[in-house]
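Next up is one chain by itself, shown in structure tokens, the form predicted on its own.
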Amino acid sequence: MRILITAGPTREYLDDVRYLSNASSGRMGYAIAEAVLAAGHQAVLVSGPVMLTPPHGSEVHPVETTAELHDVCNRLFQDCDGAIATAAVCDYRPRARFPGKLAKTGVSLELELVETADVLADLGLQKGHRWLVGFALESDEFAHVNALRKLKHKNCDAIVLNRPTAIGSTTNQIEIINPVGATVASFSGAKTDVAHELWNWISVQLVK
């Protein structure tokens, strides 16, 4: 099988120097790519800017902005059997990108933000016979409800719920939620181990 995997953060530029982003390390996505490869499948890794070496044997497509991630994933998904979306996508971008470097003027700067493309939802619209697993990073008491809402809105076959403590960490604790809202599996430990457990679950429950 040929599996599309997204990993790492995206960046949205204010000017040619400054950008909005997040602290995603990409470790979870890269670990999943390793698990997919170890199982004898093809890993198509679409990665935002991270300080990691791609797993040997993976097909790597580096991206930086959400628009780039969106375009590359839409193109590559056509030839894949399924997708696992772990990328920490910027939900907003500055409406305008200023050329060069903005200089201080002594007054405050108002920044207008607009929503970026919804990569996962667009993959869900075109998935057809393929399967789709998303990640939901939630922090409040309604985490499970929010994750289920994301699953339904983005037409995923399962959603992986994790917490902000996963950001930048080598460990993770996840719950897998199915379309009826049940937690069907949970794993914790090193991200490499969690990735193998997650892939084993996917290969049994979703791969046809």
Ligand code: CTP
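From 1 onward, residues are counted along the sequence shown. Since we're looking at a predicted model, the values are computed, not measured.
There is another form of the same protein, the form predicted together with the ligand; it is not shown, and what comes next is about it.
*Asks:* Taking heavy atoms and a 4.5 Å cut-off, does G134 contact the ligand in the predicted bound form?
*Replies:* Flag for G134 set to yes.
*Asks:* Consider L76 of the chain shown here, and say whether it contacts the ligand in the predicted bound form, taking contact as heavy atoms within 4.5 Å.
*Replies:* No, no contact at 4.5 Å.
*Asks:* Should V72 be classed as touching the ligand in the predicted bound form when contacts are defined as heavy atoms within 4.5 Å?
*Replies:* Residue-level check for V72: no, no contact with the ligand.
*Asks:* Hey, in the predicted bound form, does A117 get a heavy atom within 4.5 angstroms of the ligand?
*Replies:* Contact check for A117: yes, within 4.5 Å of the ligand in the predicted bound form.
*Asks:* Choose from 54-62, 167-175, 135-143, 28-36 the stretch whose residues reach within 4.5 Å of the ligand in the predicted bound form, heavy atoms counted.
*Replies:* Heavy-atom contact with the partner occurs in 135-143.
*Asks:* So, R11, V46 and V50: all three within 4.5 Å of the ligand in the predicted bound form by heavy atoms, or not?
*Replies:* Looking in the predicted bound form, the three residues R11, V46 and V50 all stay beyond 4.5 Å of the ligand (heavy atoms).
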